[in-house]
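Have a look below at one chain only, the form predicted alone, in structure tokens format.
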Amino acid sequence: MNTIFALAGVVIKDLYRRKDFYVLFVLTALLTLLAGSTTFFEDKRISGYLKELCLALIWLATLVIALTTAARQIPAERESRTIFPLLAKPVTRWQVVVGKFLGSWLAVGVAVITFYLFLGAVTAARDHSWPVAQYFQAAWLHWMMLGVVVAMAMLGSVLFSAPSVNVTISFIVVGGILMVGQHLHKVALRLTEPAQTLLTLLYFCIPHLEWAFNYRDLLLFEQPLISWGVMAGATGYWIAYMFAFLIAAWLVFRRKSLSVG
């Protein structure tokens, strides 16, 4: 575990040395402040639309951070040839995969906390209230969902030759799940066999990331808290997918040649 935490610490330091996080945060902050300064005659519906826009920007920014951070970890080690002395220490390939994943996920977690604290502060200044428990639940579910995204990108990092290809394909897959994942079962009911069975199996096999996206209603419409049992169930569900993607990444990585052409 000490080796894994050491690898994770290097990933976290590397992210915050780069400008990606700062650029996305400043851009989101500027747009959020611009939206928050708009009154529109105190129309609450307009305020809700503006909050929804800000949350959409936060989701987009954190997805970009999660995918780009995880996708470049192992390819960067191979290109710089630091993977060879790393594995000679000795460090197992499983420790490399888990350490890189943990560092990326924790770094994304810091970004999520920063974004939600900023949004909460702006909302509190405007609406004179801050439903902390709702913000905690929304941020927690968001972070757990991003853990699946990071693990997925880690698998892509050992499957695809270039990080850009990995990021593009992962972003398309994640976007597809968020937009149509919850509707696949309904679409399957309108099809004939064997398409109906295949689409139904796909519906139950994919990680349903849209659950966290739908829970944005906690903040948009000030709905009651989600049951803590539901929270625990969703957390366990996404952790299971994280392990599944990490095991798949390890199985591919342990058979992969580390030579750089």
Partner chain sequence: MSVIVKTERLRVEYPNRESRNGPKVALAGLDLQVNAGEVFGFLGPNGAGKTTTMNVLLGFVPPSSGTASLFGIDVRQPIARQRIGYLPENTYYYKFLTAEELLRFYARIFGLNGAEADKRIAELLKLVELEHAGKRQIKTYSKGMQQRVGLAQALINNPELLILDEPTSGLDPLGRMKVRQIIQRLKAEGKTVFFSSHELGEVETVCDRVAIVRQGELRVQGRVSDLVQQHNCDLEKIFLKIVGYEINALP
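Numbering follows the first chain given and starts at 1. Everything numeric in this text was worked out from a predicted model, so none of it was measured.
Absent from the display: the form predicted together with its partner chain. The rest refers to it.
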Checklist outcome for this item: Checked L87, A121, V187, A133 for heavy atoms within 4.5 Å of its partner chain in the predicted complex; positive is L87
Item to check | Residue among T114, S164, T92, Q182 with a heavy atom within 4.5 Å of its partner chain in the predicted complex | outcome: T92
Checklist entry - its partner chain in the predicted complex: within 4.5 Å of a heavy atom of each of H208, E210 and M242? => result no
Checklist entry - Out of 187-195, 139-147, 73-81, 173-181, where are the residues with a heavy atom within 4.5 Å of its partner chain in the predicted complex? => result 73-81
Checklist entry - Is there a heavy atom of I247 no more than 4.5 Å from a heavy atom of its partner chain in the predicted complex? => result no
Next on the checklist: Within 4.5 Å, heavy atoms only: does V10 come near its partner chain in the predicted complex?
Outcome noted: yes
Checklist entry - Are there residues in 2-17 with a heavy atom within 4.5 Å of its partner chain in the predicted complex, and which are they, in order? => result N2, T3, F5, A6, L7, V10, K13, D14, R17
